[in-house]
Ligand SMILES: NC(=O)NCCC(=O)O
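The chain that follows stands alone, in the form predicted alone, written as structure tokens.
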């Protein structure tokens, strides 16, 4: 259902030239001992291209200013938790194969320029902030990670989670830049619910969603950067399926626009060298455990999607469908343990092993 948003917020979004939409997910009325458990989450999508040319601190500051404007409107709407898109503070340069100047955008997750900026936002607006960045891990030789920093509404850094799966498809062969995540599937207990962050390509892996759910996530954010030619047919399906399968809310967020780079690059797939990846199609949405979902944001305009989530719905759908209770994790774990062994032989029953029918 539509969520009534303050007129001042709608006017501010219009003045700042970004789309603002609001929706609400309700649960059945619980018993007296189970009052509504509501969180108000938001996800943003934006085109960073106007703010970058060439690489430099000035351009990063401009994008900080832009996201600050969006976060201010989110605060007007009473948002408790906000998540930005993947690598929101830099061009999506991971497919150019060039290290410089793009690796210069990497920052410390704990005390980098962008984290300090987001800490101020979180404390100012009493809002949990999820900030996906390119992380430089100076404690481990300057290794780069694709990381989401989770900042409490108090302004303190709660922790971070890292992208577990690196794409190797088309132009999106990002292992040139960063490593697969090594932090597993952390879930963050915030004042407004238990949240997790499944970064971009992880949405294609059902077990990745599952592990966040097993660890107790009620809301799983999926900050992404993906283009129409590659994935638009999958986009409306994956996060929605994950919400159903894991009895939780999922928030799929994507960039918008086209980002052009000065030097040509190619993925080695036979296509001509090019200056851009294609069109980031936005279409951010939120899905609920009962299979319902919001309409998507724009394909071509900056936007903010505000959703009021009744977290009781997670337990109610869990009690009805009992996917977690009927799942056979011990059986899967046993068979997966065997499947990863070098000498594994798939359990395939062949005709020549079937005994012939008895003649008598």
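What you see is a predicted model, and the numbers here were worked out from it, not measured in a lab. Numbering follows the first chain given and starts at 1.
The following text describes the form predicted in complex with the ligand, which does not appear among the structures shown.
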Could you confirm whether residue 274 comes within 4.5 Å of the ligand in the predicted bound form, counting heavy atoms only?
no
Can you check whether residue 71 is within 4.5 Å of the ligand in the predicted bound form, heavy atom basis?
no
Check residue 204 for me: does it contact the ligand in the predicted bound form (non-hydrogen atoms, 4.5 angstroms)?
yes
Just to confirm, residue 230 within 4.5 Å of the ligand in the predicted bound form by heavy atoms?
yes
Students should find that, of 174, 259, 137, 290, the residue having a non-hydrogen atom no more than 4.5 angstroms from the ligand in the predicted bound form is 174
Listed residue that, although the ligand is not shown, lies within 4.5 Å of it in the predicted bound form (heavy atoms), from 200, 90, 150, 82
200
In the predicted bound form, which of the stretches 210-218, 163-171, 99-107, 122-130 has residues with heavy atoms within 4.5 Å of the ligand?
163-171
Go through 71-87 residue by residue and record those having a heavy atom within 4.5 Å of the ligand in the predicted bound form; state none if no residue qualifies.
86
